[in-house]
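The chain below stands alone and is given in structure tokens; this is the form predicted on its own.
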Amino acid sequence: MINYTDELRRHNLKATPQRLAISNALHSYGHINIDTLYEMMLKKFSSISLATIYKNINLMLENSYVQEVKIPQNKSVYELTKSYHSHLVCTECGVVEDIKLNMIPLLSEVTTSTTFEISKTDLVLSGLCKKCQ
């Protein structure tokens, strides 16, 4: 079992009940959007506001505790920060899955064929999951 109190503190964040619940939700669901997270948090904290969810997520982003996955033509989802990976998104049901890809050949090609100095990569591949095919 992951000790979220220690993980939050390691990222210079206080381990509030709301942040612990957000951590647990992100761990359980893997990738979650703000609206779904808010609905889940309302069940635990009946007076929590959407603004409080945004405030906590933004603070967790600033401290690299969570990361945002920007999904084209859809709402962003959030996940606990983990080692580098890309994402697969089903265009039918919206499921988001992690995938580890070797980006070194692609980054090498980009740096030799352009004048860009790449500092960050976010790759989201869209298609149909096995269930929706």
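Residue numbers run from 1 along the displayed sequence. Keep in mind it's a predicted model, so treat the numbers as computed, not measured.
If you look for the form predicted together with the DNA, you will not find it shown, but the lines that follow are about it.
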Any non-hydrogen atom of Ile48 within 4.5 angstroms of the DNA in the predicted complex: yes
Asn24, heavy atom within 4.5 angstroms of the DNA in the predicted complex: no
Ala15 within 4.5 Å of the DNA in the predicted complex, heavy atoms: yes
Contact flag, Lys100 vs the DNA in the predicted complex, heavy atom cut 4.5 Å: no
In the predicted complex, segment of 55-63, 103-111, 79-87, 24-32 with a heavy atom within 4.5 Å of the DNA: 55-63
